[in-house]
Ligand SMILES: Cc1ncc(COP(=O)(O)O)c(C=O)c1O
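Next comes just one chain, in structure tokens: the form predicted alone.
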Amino acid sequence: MAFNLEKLLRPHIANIKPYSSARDEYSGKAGIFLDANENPFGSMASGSFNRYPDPYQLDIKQKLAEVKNVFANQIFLGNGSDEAIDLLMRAFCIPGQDNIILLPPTYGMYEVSAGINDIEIQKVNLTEDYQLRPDAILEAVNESTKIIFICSPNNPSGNKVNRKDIYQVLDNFNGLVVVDEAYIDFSDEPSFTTELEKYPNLLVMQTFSKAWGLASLRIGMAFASEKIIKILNLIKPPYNISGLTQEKVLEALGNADAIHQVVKDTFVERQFLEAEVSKFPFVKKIFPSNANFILIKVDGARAIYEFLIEQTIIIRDRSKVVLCEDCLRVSVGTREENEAFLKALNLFKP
């Protein structure tokens, strides 16, 4: 189907004049900076943080483009992936008029952001084994549907979504398809960033919070056509990524090969957890995972969750989430953390 970005965009967004920061007008790194009313005498903390950072994070994007095999102008960096989610709704969805499609069980911030922005939500549940129902998804689309969010590997179930089903949605929906790949580093599937040239209606989200180990820095990635990225840059806050965060992300990108060992260690610990958890009589099922967590179906999920809290072991109770009844989500920890979890679980008396 024909994808028309200009038609999808909220009309007033196309005419917005972006905030012009001082560093937009001069991109050099050397000079006498008397343009932004900064403190010229330095910072009250150790380090040099008295100058505003690069508003477009160009050094990171150039390095990240090499790592991800995309072009730098196909990258948007946000304050976590949540910023990209919010900006997409503000750019493309008219409050009180347009809608998005969510596929429960899925990442909760899509619904939260839609609620904040007064965007109607259409829900098409996944199958019992947490796969898409592409025909039902496309049937739910109407003239006011602007975005479909697909999470793969999915949170909270952990499985990868059948690729052919995502293609079916991409091929038959003329709005924006967002593929959230927060856990892609733990999956054996190639990223959908490889499909950006073919699908102008595709946006792929990833994060530095999981395999990269930078959750505290709050930085997420969005990959899309240059036109879509320009829209996100148009409406984002001028300095949405701090200088300290940019510095540390560049450091991490210089050590990108280390992520392979992190993923390998995670796989070992995930297999250990799956094997040991399966021995408990109250565990009914462990769902297949392509992420750094496992979803477990148990008898008495809430009781187990509350007992573990008393033991200062914190997991997530997903038992009230659709299709996750009686389920607990457990992140993969270090061997020491995993053994402490299992020791506490062994103390639980149903």
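Each residue number is its position in the shown sequence, starting from 1. Keep in mind it's a predicted model, so treat the numbers as computed, not measured.
Quick note: we don't show the form predicted in complex with the named molecule, though the next part is all about it.
Listed stretches are 150-158, 123-131, 88-96, 260-268; the contact stretch with the named molecule in the model of the complex is 150-158, by a heavy atom cutoff of 4.5 Å. Although the partner is absent from this view, residue 218 contacts the named molecule in the model of the complex, with a non-hydrogen atom inside 4.5 angstroms. Within this chain, residue 209 lines the site of the named molecule in the model of the complex, having a heavy atom no more than 4.5 Å away. Proximity of residue 104 to the named molecule in the model of the complex falls outside the 4.5 Å heavy atom cutoff.
In the model of the complex, no heavy atom of residue 213 sits within 4.5 Å of the named molecule.
Note on the partner interface in the model of the complex: the residue among 80, 237, 200, 243 having a heavy atom within 4.5 angstroms of the named molecule is 80. With the partner omitted from this view, the residue of 232, 182, 169, 141 that lies near the named molecule in the model of the complex is 182 [heavy atom within 4.5 Å].
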